[in-house]
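This document opens with one chain alone, in structure tokens, the form predicted alone.
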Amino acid sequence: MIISVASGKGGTGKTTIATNLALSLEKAQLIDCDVEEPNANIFLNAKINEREDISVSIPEIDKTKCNFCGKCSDFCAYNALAVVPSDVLVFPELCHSCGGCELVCPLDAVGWHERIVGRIEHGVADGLDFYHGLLNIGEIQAIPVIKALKRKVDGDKNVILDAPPGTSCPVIETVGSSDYCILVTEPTPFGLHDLKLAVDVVRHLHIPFGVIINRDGVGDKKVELYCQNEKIPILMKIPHSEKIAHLYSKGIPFVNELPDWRSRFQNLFSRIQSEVKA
């Protein structure tokens, strides 16, 4: 089963939930898809033993064939190509590698070369199979790295996907094939605002989902009232706890020090598993 962990905004405890849930399960795999700022390994300390560069295809213009007609730049919706009187300028960071420029070129002048945009790394921590992706600094296209990570999903394991924050394309790419999505929020007006955005996304994708309220005890009860009115199950509440915050600050998953929480996450997984099978 594939469970994604997402949130409307960053800093709600999404990675905390993903790592503690993964560490509580047997035959589990954790994939950190927050490729712009992966931080799950801060808590896992997995020994990285495999690395793989991720590249994308970028158009390369054969100027011995090109007559600078401009059809390629007219087609490109991302403005990755610009045709001037005697040259074609390619802006690699804007290219989405869709291949459309090659299709519309009447002179077969478009070729391709590979450009590395990031890498994925693999390791193991406490028996947990772990992957994360690292987008190169300055790159804006996280999707190719996330797609590469998702190709590592092991169908024989319980897979936890730690999604990027927000509700944009990288989040949709991450949660898109999930069997279930956990939305993590905090009981504050800002948390509620972004939770509503995240709920709209998973409903649009027709993915079953529930909510975990982190730092329960701060803020107000409006998140709970919203979930009640929208008939969204609240799967778990994690209290605003000095002990949990202290362990977090040390990079220690709290299920390792507070064993009662390990069984709570196991019960959470069983509940999700039952709901998905129903």
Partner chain sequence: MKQLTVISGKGGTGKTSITAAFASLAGNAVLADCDVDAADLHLILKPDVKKTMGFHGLNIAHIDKDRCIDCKKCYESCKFDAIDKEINLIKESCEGCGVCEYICPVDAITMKERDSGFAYISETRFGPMSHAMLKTAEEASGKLVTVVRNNAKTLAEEQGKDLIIIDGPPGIGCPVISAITGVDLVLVVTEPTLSAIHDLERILGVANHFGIPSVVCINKYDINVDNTEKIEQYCKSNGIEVVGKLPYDTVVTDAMIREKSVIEYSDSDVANKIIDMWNEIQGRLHI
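Residue numbers count along the first chain shown, from 1. Please read all numbers here as calculations on a predicted model, not as lab measurements.
Absent from the display: the form predicted in complex with the partner chain. The rest refers to it.
- Residue heavy atoms within 4.5 Å of the partner chain in the predicted bound form occur in exactly one stretch of 84-92, 177-185, 153-161, 191-199, and that stretch is 191-199.
- In the predicted bound form, the partner chain sits beyond 4.5 Å of every heavy atom of residue 262.
- The shortest heavy atom separation between residue 59 and the partner chain in the predicted bound form exceeds 4.5 Å.
- With a 4.5 Å cutoff on heavy atoms, residue 65 does not count as touching the partner chain in the predicted bound form; it lies far away.
- In the predicted bound form, the partner chain sits within 4.5 Å of a heavy atom belonging to residue 218.
- Site residues 19, 49 and 126 are none of them in contact with the partner chain in the predicted bound form, judged by any heavy atom within 4.5 Å.
- Residues 165, 166, 167, 168, 169, 172 of 160-179 are found to place at least one heavy atom within 4.5 Å of the partner chain in the predicted bound form.
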